[in-house]
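Read the single chain below, which is given as structure tokens and is the form predicted on its own.
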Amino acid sequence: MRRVLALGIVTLTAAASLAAQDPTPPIDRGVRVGITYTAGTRPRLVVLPGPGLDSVRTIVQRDIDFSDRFEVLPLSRGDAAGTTSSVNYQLYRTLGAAYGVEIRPAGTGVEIRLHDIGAGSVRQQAVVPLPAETDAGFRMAVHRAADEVVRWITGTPGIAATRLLVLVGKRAYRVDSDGGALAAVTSSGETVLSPTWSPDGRSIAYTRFLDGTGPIMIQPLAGGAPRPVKGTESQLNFTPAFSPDGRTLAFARTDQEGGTDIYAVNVADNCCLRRLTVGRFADNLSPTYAPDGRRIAFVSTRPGSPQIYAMSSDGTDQELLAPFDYGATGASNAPEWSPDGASVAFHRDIDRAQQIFILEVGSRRFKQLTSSGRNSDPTWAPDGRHLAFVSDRSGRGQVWVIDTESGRIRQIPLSGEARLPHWSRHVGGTTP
């Protein structure tokens, strides 16, 4: 179960442009000629070799590849790009490339040029300031630059400037979407359950587990002590989920009536605890808000085995969301609403193994994404195209990322057993 542990319980906004995030000079949009990007295609792209900046090119090339929008062609360093006038467009046309990304030194940053290989011209360019390579913000600044290149071509940014929150052992860690810059975000002296990002990425919420009970804590990532959420001081409170505006936190709580129920609290004003479900001998847990904040999907055991339900954010209009067949499909858990609100991802037991599914909310149709190993706890990237999840296909629980359009899959290797990933929104220039 997503952010649910074995404790005796039934277990985009669209990203702003790079120019808006950093003090970068305005980007000259230019005139688009030559090849036009078409959704569903994977045009060939090359990151052009050049003098210096090898680490920047390596990160940008990997980020563009991980966007799954392009076929990235490897080039040898001997194929030097030089200046714009010396770019060998004919060579790259022969290789079938549609786009070339040129990165050159520019003062305290880099100049990035997007070449339209077919037209033989520069399509977009920008000067991007970068901190020193030893600076903690260097990699994220390069990630944002790579996302901007993807946006130049496709109209939407990539997912490089995002992070995953994941449990390893008793601690929560954050890691860049490419697997770099792993850092602990909770102390070694506490046992953490159910970590989740706030919408602005500046804090996380989690359960501090205390021998069967546990309050929900909010930890600012810029520093300072975590604070408890009012109304969660008693019993076990877990699976927190922020509303899209960050003002409300929904979560599950064990009760004295033989079940688990979903509550909501105003964390902006630290008040106003409300009970949204009445479970009585059933469990209701793992809430997830729709992107407009008006609906909540959640898990309930009221039909017997755990299944995916939905309700209004005030607890009314509760209904079964994901249809199932008794005996044919098993328990369903860990729902997460997609950034566009059209789908809910979750895992379901199939032939005694958990597999990742997507439910189209409008049609109530399913798409099964995995079939190898045990796979659980899906979480959406802000592009609504990629999902991260935990799988034991490599022999132990690790985080994997799947492109829901092509089925391409990659691992984010972590030391130790990984659990309960949660994907952030795009990381701005001043986010910790």
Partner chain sequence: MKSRSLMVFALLAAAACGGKKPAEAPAPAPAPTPAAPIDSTAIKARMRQDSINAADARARAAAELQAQLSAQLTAMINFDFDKSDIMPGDMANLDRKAAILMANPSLRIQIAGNCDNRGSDEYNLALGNRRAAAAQRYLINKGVSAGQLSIVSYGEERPVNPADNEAAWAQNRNDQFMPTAGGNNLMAPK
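Residue numbers count along the first chain shown, from 1. Everything numeric in this text was worked out from a predicted model, so none of it was measured.
Keep in mind that the form predicted together with its partner chain is missing from the display, and what follows is about it.
Engineer: So in the predicted complex, are L210, N333 and R352 all sitting within 4.5 Å of its partner chain, heavy atoms only?
Structural biologist: Per the other structure, all of L210, N333 and R352 touch its partner chain.
Engineer: Closest heavy atom of T260 to its partner chain in the predicted complex, within 4.5 Å or not?
Structural biologist: It does: once its partner chain is placed as it appears in the predicted complex, T260 has a heavy atom within 4.5 Å of it.
Engineer: Is H143 one of the residues lying within 4.5 Å of its partner chain in the predicted complex, judged by heavy atom distances?
Structural biologist: H143 lies outside the contact set for its partner chain.
Engineer: With a 4.5 Å heavy atom cut-off, would you call D255 a contact of its partner chain in the predicted complex?
Structural biologist: The answer is yes: D255 has a heavy atom within 4.5 Å of its partner chain.
Engineer: Under a 4.5 Å heavy atom criterion, is F238 part of the interface with its partner chain in the predicted complex?
Structural biologist: Close contact exists here: in the predicted complex, F238 approaches its partner chain to within 4.5 Å, heavy atoms only.
Engineer: Heavy atoms within 4.5 Å of its partner chain in the predicted complex: which stretch in 175-183, 193-201, 126-134, 289-297 meets that?
Structural biologist: In the other structure, the partner sits against 193-201.
Engineer: Considering its partner chain in the predicted complex, which of S343, N266, T154, T301 comes within 4.5 Å of it through any heavy atom?
Structural biologist: Of S343, N266, T154, T301, the residue with a heavy atom within 4.5 Å of its partner chain in the predicted complex is T301.
Engineer: Looking at R57, R374, R385, R44 here, can you tell me which has any non-hydrogen atom within 4.5 angstroms of its partner chain in the predicted complex?
Structural biologist: Of the candidates R57, R374, R385, R44, R374 is the one lying within 4.5 Å of its partner chain in the predicted complex.
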